[in-house]
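Have a look below at one chain only, the form predicted on its own, in structure tokens format.
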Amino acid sequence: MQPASEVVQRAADLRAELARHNHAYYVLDAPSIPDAEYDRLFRELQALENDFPCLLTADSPTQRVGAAPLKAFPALSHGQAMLSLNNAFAASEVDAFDQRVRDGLDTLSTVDYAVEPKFDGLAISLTYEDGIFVRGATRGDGATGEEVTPNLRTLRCLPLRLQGSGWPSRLEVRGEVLMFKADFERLNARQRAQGDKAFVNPRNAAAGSLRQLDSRITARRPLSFFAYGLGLGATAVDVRTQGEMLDRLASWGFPVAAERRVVTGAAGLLDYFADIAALRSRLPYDIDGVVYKVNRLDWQETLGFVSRAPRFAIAHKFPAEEALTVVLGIDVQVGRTGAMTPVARLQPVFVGGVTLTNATLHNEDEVRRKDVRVGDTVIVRRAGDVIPEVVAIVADKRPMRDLLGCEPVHDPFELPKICPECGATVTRGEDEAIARCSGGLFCPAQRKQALLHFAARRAMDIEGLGDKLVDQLVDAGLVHTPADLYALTVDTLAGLERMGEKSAQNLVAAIEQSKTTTLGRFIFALGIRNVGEATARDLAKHFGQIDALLAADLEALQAVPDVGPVVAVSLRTFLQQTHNRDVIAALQQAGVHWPAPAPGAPLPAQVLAGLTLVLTGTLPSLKRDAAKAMIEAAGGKVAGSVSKKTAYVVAGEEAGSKLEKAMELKVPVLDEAGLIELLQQGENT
């Protein structure tokens, strides 16, 4: 039965009215009606939606109560990467940041900065479509996070429908989910009264509450939210400064920091830091520093990004929390890339809201510089999410062999020469701080990373062999080295979790197809440190066959163009390992092969030597990787953008802005046939 028009209107009015009261109560901290009246309006809307389910909308206040448990959190890719911030801990680092900004903008004048507290919570991204909240996710690795949409809907301070105007059709809002100190204390009191475990600190409580598989539990937790920026869609918002952006977020119904300001120059930044530090204990929520951002958005764009952090922003952190404890032992952990990291095993100590039992010593040089030894009393530091570290020893507490204090009980730490996981040689480059295990193809600690690299699209291109499947294969003991992949059967794979018969058949087919490859791809797939795609191709061209590469000494390796001493040592060390050579032989025995060069065959004609080409659009028959390989085999380079230095632009269907740029700069444009004709000129000379 369809509701009458007046019922439809009443439901819409109730939704709008309840949204206004939620905003007044949770965002402005200024309740506009008594709780009893709010409850009456809420129940009226709930009754209408129960009687007429068609009235229920995604932005209804009644949808904040939680839903049935999820089986797992699905992955959600962010429309625009969620970048982290570089940190400053001292005034001199803030001065240096300000100087870098002015240098980057080529200005001698002072710069205005938007500043605000750095919330100690969980970063999230909220996606709105046509003003309606549709999904949200945690930061994750910056590119992909956990989708927690049902849980986010339970936050009463989060607008399910944007207020006002000026927002684009699709918009990502970035912010922090946290728990106020008073709410945290009440939650812990309730936990204890119920006989449940109390939370350690507000941040852990917020993170744990947002990651509940049952959103009804999240709905009972007192979570709050503050917005601090925009992701996808930001350029469509008509604002010129970071400060205006925060004001616009507030006008749309988002809570933003009341303590935000715009200040001028490094002096203004440091004054703000001092003010917030003095105010910190009186704030209703935890913060671990302040954030500085260049205020003008066009200047932010000019400054751009470095690595995974913006050049226009920095986090000025408060002094880290520290404590004393005793080193019980020093272990060595082998990372996924073979990095050898000394780790101090500690007498348990409570620091920064958690109990620490381990702390990183970073690398061999750091251990020696700090002279950390077993039995030492040390200062350990934990700052936010940073891995706990040993800061320094307390020298006068070091245990001695005798009362004269002549010799310490324990000898200085030495990094092992042999990997504790696999027995391979541990190597360290002349200019490198980190030592690494050289058993990349067989070391248990590196096994998963080695397999993923081996199967990557630009290596052996085994479609369907992703992280989760590699985890299963390794954890089940089915695969120890890349060579074991070629012994997998459909029956074996079909027995794995979430692997049906069809998926197993597809993967076995992809593995079989990967047996036919090129020597360059095969060398790259081995995952030799410092050997990228281009170097692997150069090695393949130079040596022609794997046996010649295996037999090459350092002098022969350095005869290859662009292979210097560092790369040569990496290659020789890797290829000298018996276990690595065994895996290479096993791969060949399994059928992995590539075209053998004809005796005395010349290198491919370098018709494009010194030229840069740009590929754009979809070519009729050539895949992008194949076209790139052909260009590079002819000595050319493939760039991602068009400039005056571009020799040719190769354009297919839906070429877009790169083609327009080429025409603007009068760069010659080729289609696929033109590219092939150009390459064939070298074959005919």
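Residue numbers run from 1 along the displayed sequence. Predicted model only: the values in this text are computed from it and were never measured.
Although not depicted, the form predicted together with a small molecule is the subject of the following passage.
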{"property": "Output flag, Pro117, Tyr228 and Val291 jointly within 4.5 Å of the small molecule in the predicted complex, heavy atom basis", "result": "yes"}
{"property": "Which of 480-488, 518-526, 84-92, 454-462 sits within 4.5 Å of the small molecule in the predicted complex, heavy atom basis", "result": "84-92"}
{"property": "is_contact(Ala123, the small molecule) in the predicted complex, heavy atom dist at most 4.5 Å", "result": "yes"}
{"property": "Contact test in the predicted complex: Pro310 vs the small molecule, heavy atoms, 4.5 Å", "result": "yes"}
{"property": "Contact flag, Arg139 vs the small molecule in the predicted complex, heavy atom cut 4.5 Å", "result": "yes"}
{"property": "Non-hydrogen atom contact Glu176 with the small molecule in the predicted complex at 4.5 angstroms", "result": "yes"}
